[in-house]
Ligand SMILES: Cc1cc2nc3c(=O)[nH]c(=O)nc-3n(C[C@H](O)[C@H](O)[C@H](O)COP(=O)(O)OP(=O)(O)OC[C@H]3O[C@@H](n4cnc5c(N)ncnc54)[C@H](O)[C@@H]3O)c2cc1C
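Next comes just one chain, in structure tokens: the form predicted on its own.
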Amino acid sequence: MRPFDYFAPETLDEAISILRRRGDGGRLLAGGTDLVVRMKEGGLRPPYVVSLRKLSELRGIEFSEAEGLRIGAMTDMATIASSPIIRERFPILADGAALVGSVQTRNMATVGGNLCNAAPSADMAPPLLAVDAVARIAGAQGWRDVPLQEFFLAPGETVLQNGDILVELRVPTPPRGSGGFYLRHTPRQEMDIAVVGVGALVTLPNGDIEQARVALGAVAPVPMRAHQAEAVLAGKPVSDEVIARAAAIASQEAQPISDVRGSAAFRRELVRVLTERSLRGAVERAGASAP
């Protein structure tokens, strides 16, 4: 590891000022579960690092019916996975957080770091896409809100510019009769990267599917929504047929590649299978019986 300058600002404004003054090339340190490893073993050599650990405004979970859910970007996965309000009202987010790394990793890894790394396989991306999360960003030009489906640009690349910091995620209160579910496939049961991840959310106020969200991970350059599959589900009664049709369409919307972890054809089949399972899990959590 080569020498680098280290900063530990105590306010958000101070952190933004450092980034603006020092310019390109710096890295933000959140949990460090990815950055530190890449600096030690992956050849990453930033000229400076800005720690966010003293910024209390980037931590915590808050919820109200009127304002919805707020998750600070520095909130760790263990806190998200065990949060009573998230487990009760947004269990799909607890699903994703509980799958990240090991117990030790979840105690350090943050939701902001998981998203800002912009890995196509990030476990928190499909669940947050499914619940229509919005990223709140602070920077030298002020504050802005970016829907999460517009946040990712390419592998390892987001809309964040030099001087920007992801402060929090905002999630609207789910409508009555909503349920969400996240599943992934990995070669190993624990401490592995998703070959495919699928998050599904449905709203069933009167038994029919009023709205649906299907979000896919690890099958395209960025985490993505399967909009055509969602359109097939909207307005339909819950049935084997409609779920199977939506899952088949989602597998065609995916844009997988072949690599050492699986072929494109294998990933498409996994999308189909996991979309069916995730939709059934979402239906059950919405209070209906899965077919």
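Quick caveat, the model's predicted, so the values are computed rather than measured. Numbering starts at 1 and follows the sequence shown.
A second form of this protein, the form predicted in complex with the named molecule, is not displayed here; the remarks below concern that form.
Here the chain stands by itself, but in the model of the complex one stretch of 127-135, 80-88, 211-219, 164-172, 164-172, has heavy atoms within 4.5 Å of the named molecule. Contact annotation: of the candidates 249, 61, 242, 28, the single residue with a non-hydrogen atom within 4.5 angstroms of the named molecule in the model of the complex is 28. Checked against the named molecule in the model of the complex, the residues 52, 229, 254, 69 give one hit for a heavy atom within 4.5 Å, which is 52. Of the heavy atoms in residue 160, some are within 4.5 Å of the named molecule in the model of the complex. Contact annotation for residue 35: at least one heavy atom lies within 4.5 Å of the named molecule in the model of the complex. Heavy atoms of residue 204 never reach within 4.5 Å of the named molecule in the model of the complex, leaving it off the interface. The closest heavy atom approach of residue 178 to the named molecule in the model of the complex falls outside 4.5 Å.
Residues of 109-141 lying near the named molecule in the model of the complex, listed in sequence order, are 109, 110, 112, 113, 114, 116, 117, 121, 122, 123, the criterion being any heavy atom within 4.5 Å.
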